[in-house]
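Just one chain follows, in the form predicted on its own, and it is written as structure tokens.
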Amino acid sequence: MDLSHPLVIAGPCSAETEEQVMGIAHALKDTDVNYYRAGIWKPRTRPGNFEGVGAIGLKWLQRVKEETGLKTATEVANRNHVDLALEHDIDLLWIGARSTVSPFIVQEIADALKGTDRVVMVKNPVNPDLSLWLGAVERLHTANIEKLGVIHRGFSTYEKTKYRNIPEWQLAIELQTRFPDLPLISDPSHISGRRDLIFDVSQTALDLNFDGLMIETHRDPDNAWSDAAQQVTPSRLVQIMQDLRIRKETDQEAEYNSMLNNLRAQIDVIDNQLIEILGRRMKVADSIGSLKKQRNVAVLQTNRWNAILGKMILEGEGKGLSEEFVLRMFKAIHQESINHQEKIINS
């Protein structure tokens, strides 16, 4: 997409009341928002939570379009949802992460949408499985849906991180590399799970050449009926959009800077992953230190260290890394591991 600003999809996580839906819509109508989103059916991990107002909310979205001129968007999870959404003239439909994991569900939705001129987007599956994500896109493409795109909302993990769903940016980058013409939207709300992280995630997405953002927006986020912690106010959304650094592609120098920023953003993503992995490695080293302390075993195990080093040198050569670099890197990692174990043994 050649946009002077990214595509913006914004609105509440859930449509709660007609007054709530209309109030937010009017607050967003004179901003850079392109599509007004609201969850009508809300698939929850466990029953008992608010699961959406249902089809009546579609009438509210119709009123949004009539009064504000904003195009509308919502999630669909089965044929009935699709039929109702089309009947109420919803402009953009997306398939959620829980639906993308099931080829049966995706195929049902693809069959219901066959030949539609509406925009259809596919969120990544809950788990980091690029094949499932691409498979869902292929099913929709086979159904002659031409206005296709994907939404990156992060991936679930058992490990606790600062994110609600870890970005795993490399998967989105790989998808983008394979299909550069497929619009790629970031959902920083679901990645972050916290409104204070949304700006940074949005900026990273734009630096990685994402085409747009989906940001959950609510007039009273703290009292939202679902996902309160990750929603921002309309005024905060406007501020985020003003503060974001947008790529420019008007001349050769701008193209160079855009490409350079994209590559640097990829390095930043990988560097963050390296720190995350090293942190996990040292936690394992801590556990080894505790075990050695219990059994009164020496920290340094020379034979194992030499075997690891030899193996890593060969692995590094296969990846284009010099022996000197691999030696320096693993000696530093090994020393940090020893420091961790000694600290535990001497505590």
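Please read all numbers here as calculations on a predicted model, not as lab measurements. Residue positions are given as counts along the sequence shown, with the first one as 1.
The protein also exists as the form predicted in complex with a small molecule; that form is not presented, and the subsequent description refers to it.
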{"item": "Stretch in contact, per heavy atom within 4.5 angstroms of the small molecule in the model of the complex, of 128-136, 112-120, 260-268, 89-97", "value": "89-97"}
{"item": "Interface membership of residue 75, the small molecule in the model of the complex, 4.5 Å heavy atom rule", "value": "yes"}
{"item": "Any non-hydrogen atom of residue 153 within 4.5 angstroms of the small molecule in the model of the complex", "value": "yes"}
{"item": "Non-hydrogen atom contact residue 13 with the small molecule in the model of the complex at 4.5 angstroms", "value": "yes"}
{"item": "Residue 63 within 4.5 Å of the small molecule in the model of the complex, heavy atoms", "value": "no"}
